[in-house]
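We give structure tokens for two forms of one protein chain below, kept apart as structure 1 and structure 2.
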Structure 1
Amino acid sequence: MENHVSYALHILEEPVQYLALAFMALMYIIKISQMLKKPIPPEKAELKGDRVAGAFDSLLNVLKPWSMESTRNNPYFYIEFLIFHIGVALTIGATFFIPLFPSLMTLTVSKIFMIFMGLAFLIGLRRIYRRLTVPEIRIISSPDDFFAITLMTVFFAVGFGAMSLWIKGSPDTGWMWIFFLMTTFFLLYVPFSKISHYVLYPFGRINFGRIFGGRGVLNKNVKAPSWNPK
């Protein structure tokens, strides 16, 4: 797919995005280093299992819906989760592939991207609906939650629109401008929002895995601990 765009859009698609990306990375470095300044007291009790195996197990449980009761009991929710997050990855990916590797975005690849964007958009709408109507979710929803999910949902729709024009040979459209402006905004906003959970995910999961792995609750078949990080 060709990507002949105006100089202004080129600036937005590349240098502006790189700056925003660098800002996001910096914010995360600060955030994580502040978090890790706090003590991490280890468990002192005798090991009953494998902490390392537990941590790996826990980290990968996003890929094992059967390992977590919430997804085991609700496979539909897991499928929804999977599609939504693939949609997120592909939509963000598109903002890099389009300016940097347009040749990779063949018609088939682009259509796959668009299918996921479309599905993620519908799931986004469903998630907004759930936030508004399910009592236990509504009671805990903050303005940031509504803002973030609405923004994501609009982002998918805009991405879908921009790409549908892009595959028709119109790379420099209003949709594309909005798509990249939103991407830039995301990069600046995400470190301060709940969307950061994807960066923090490993910390909670590793901690969970270390504890329950070390206590012999996860990886029940591991005979001897591989490492005792006391």
Structure 2
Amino acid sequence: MENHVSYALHILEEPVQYLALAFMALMYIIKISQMLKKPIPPEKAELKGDRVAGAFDSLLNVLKPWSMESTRNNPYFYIEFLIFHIGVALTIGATFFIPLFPSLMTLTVSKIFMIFMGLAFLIGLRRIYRRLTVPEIRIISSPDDFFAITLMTVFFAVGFGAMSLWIKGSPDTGWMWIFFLMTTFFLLYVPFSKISHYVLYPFGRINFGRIFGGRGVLNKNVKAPSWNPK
């Protein structure tokens, strides 16, 4: 598909996005470098398992829904989790493909993007509802949690609207302007919000796996520990 837009929208779609993306990358580099400087919590428990295997097992926990009680008892939660995060990836991906690789965004591909945006929007509404109505979720929800999930839900809706007009041959619309303005805001906001959990996830899971792998809670069948903390 062609992507003929005004010069002003072109500036927003590319140079502005590159600057915002560079800012986000810089913030992540600073955050990760600070985390790497932090000392590893000492482990005084007797070594009964493999810490390396435990860390690896913990890191891949997100791919094993049967290992978590919530998703083991309710597989729908895991399906919802997958669809929502695929929707996130495709919505963000659209902001790169539309200006840079419009020829790849065929009608079929664009409709697939829109399907996941629409489903992610509905899931976002459900998550907002659960945060407001489920006591044990509401009590641990911060203002940033509500702001982030609400903004993401609106982002899916705006992306859906922008894509629907784009595939009809109208790339330069108010919907597209809002879509890329929101993208710019996200790139600047995410490093300071809980949305950046995907960067913190490996650190938390590896540390969790090292501790409980060494204690033999994870990888119980490991008979020869591979590393002695003493």
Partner chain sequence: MGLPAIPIVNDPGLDEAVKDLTPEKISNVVNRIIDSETAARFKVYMKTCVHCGLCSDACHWFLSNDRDPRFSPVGKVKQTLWEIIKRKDSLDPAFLKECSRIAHTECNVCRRCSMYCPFGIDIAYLLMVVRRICSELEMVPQFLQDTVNSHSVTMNQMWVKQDEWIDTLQWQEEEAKGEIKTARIPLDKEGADVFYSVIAPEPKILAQLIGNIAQIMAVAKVDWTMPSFDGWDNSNMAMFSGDFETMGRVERYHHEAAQKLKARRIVMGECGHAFRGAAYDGPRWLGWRQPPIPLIHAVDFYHELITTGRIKIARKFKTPVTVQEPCNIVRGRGLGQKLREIIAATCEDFTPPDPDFEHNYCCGAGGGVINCGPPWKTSRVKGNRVKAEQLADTKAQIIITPCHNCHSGIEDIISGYKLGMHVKFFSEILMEVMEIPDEMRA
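Residue indices: 1-based, along structure 1. Take the two forms, superpose them, and find the largest set of C-alpha atoms that agree within 1.5 Å; that set is the rigid core. These figures come from a predicted structure and were not determined experimentally.
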Pair member which, unlike the other, is the form predicted together with its partner chain: 1
Quick check on Ile211: with the core superposed, does its CA move 2 angstroms or more between structures 1 and 2? yes
On a core-based superposition, does Leu26 travel 2 Å or more at its Cα between structures 1 and 2? no
Determine, in Å, the CA shift of Phe56 between structures 1 and 2 after the rigid core is used for superposition. 3.0
